[in-house]
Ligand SMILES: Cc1cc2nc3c(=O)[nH]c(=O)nc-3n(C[C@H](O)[C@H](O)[C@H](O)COP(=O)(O)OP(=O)(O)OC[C@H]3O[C@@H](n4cnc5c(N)ncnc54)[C@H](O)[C@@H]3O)c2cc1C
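Presented as structure tokens, the chain that follows is alone, the form predicted alone.
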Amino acid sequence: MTALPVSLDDRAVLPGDSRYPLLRSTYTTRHSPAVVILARSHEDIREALAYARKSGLEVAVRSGGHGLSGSSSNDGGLVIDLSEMNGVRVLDRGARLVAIGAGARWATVAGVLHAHGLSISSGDHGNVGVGGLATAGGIGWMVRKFGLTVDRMRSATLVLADGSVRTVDDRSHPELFWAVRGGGGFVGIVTEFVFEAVEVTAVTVTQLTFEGAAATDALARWDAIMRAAPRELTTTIMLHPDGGVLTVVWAGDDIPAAEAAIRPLRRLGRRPSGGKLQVIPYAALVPGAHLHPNVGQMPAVTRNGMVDELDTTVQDLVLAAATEPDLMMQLRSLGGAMFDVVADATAFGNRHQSALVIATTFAPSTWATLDRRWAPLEPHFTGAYGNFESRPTVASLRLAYPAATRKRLRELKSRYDPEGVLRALP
């Protein structure tokens, strides 16, 4: 390996360093990079990229390391770790503008913003890093009310492959701002975002259980109910062989309105039951208790796909997969504010699907089972979410990045990263 420049000596973490075990892997994958650079500044990133070009090392960028895709580390390459670039600042409370470092985690962000009466719809786990989620999309607990995390982005600062630094928004380098919102990892390394937060600090939540999903077309009815539901309502279903658990989040503290909206959901399945609605801080959905090192402790493979409508054919295939003891099947409701943004306004181009189907297996011995159960579902998908795809195929990448999006990203990639220093395009 080419010798590290002296300027990176105090930022480099090499095998044998006591910090290396905590930085080498992601939550779902174990890796052995040649070197991890703990970046504190744009200059650190610039030096790391120059070194990667000179040495020919593959580059991965790690904000939190939680992502299901496992793409924030590698074997034998260079990892640029942004965990120390993690500030959270309220820039303008009246305009609800907040600056967030890419290395922050969403539990920390939610805690800081709660003190100011603000929140941002992020991921569904507090340990997720801001950078990985905010450059890919961000399908959170309030997605139907406030859209994707990228939809609340107002500007971003990034380091390009040649080491230059750009602050981008709708008026300054709009083509890069387009790319950052859904495909940011391909064109640069984002170090800080400015978001327009929302005036929601409390949400109303409960969990409903139901049995007999197959006998009563519960999943297809869930999808139909959610397509007509108020935007404040977002739900997910975790399936088991004879039913499921439905997590309900209402963006706000209006219990009567929330109860009216979920009443049809209480009748799903043969033997439905449900808990009492509770009002909790939004920060409690992504709490500080979620924070932990990511050291490959949960080896997993995840696949996903979006459907325009979850009809009974898709329902039956999903339920068949849920009978496998080592597969975890999940459904997430989409729509609402996510549909307000036109498909080509951001590099997240899937803006019309009603539901996201996710399958995960945790044992390598059952990866073949996942593939077998997933194959019949694939023809029904019209989109996918890149962050939930840990074994990407040509087909899945094309679903995540529609043809027009891929074409535009490739043009920007050839302009801003002609040597292919950063992550390769699908």
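Don't overthink the numbering: it's just position in the shown sequence, from 1. In this text, all values refer to a predicted model and were calculated from it rather than measured experimentally.
The next section is about a form of this same protein that is not shown, the form predicted together with this ligand.
Annotated contact segment (heavy atom within 4.5 Å of this ligand in the predicted bound form): 62 to 70, selected among 372 to 380, 62 to 70, 34 to 42, 397 to 405.
In the predicted bound form, this ligand sits beyond 4.5 Å of every heavy atom of Glu211. Residue contact with this ligand in the predicted bound form: Tyr27 places a heavy atom within 4.5 Å of it. Within this chain, Gly305 is remote from the site of this ligand in the predicted bound form, having no heavy atom within 4.5 Å. Put simply, Phe388 is close to this ligand in the predicted bound form: some heavy atom of it is within 4.5 Å. Though this ligand is absent from this view, in the predicted bound form it lies within 4.5 Å of a heavy atom of just one residue from Val109, Ala347, Ala218, Leu133, which is Leu133.
Taken together, the three residues Val128, Gly185 and Gly188 all lie with some non-hydrogen atom within 4.5 angstroms of this ligand in the predicted bound form. The partner is not shown here, and in the predicted bound form the stretch 396 to 419 never reaches within 4.5 angstroms of this ligand through any heavy atom.
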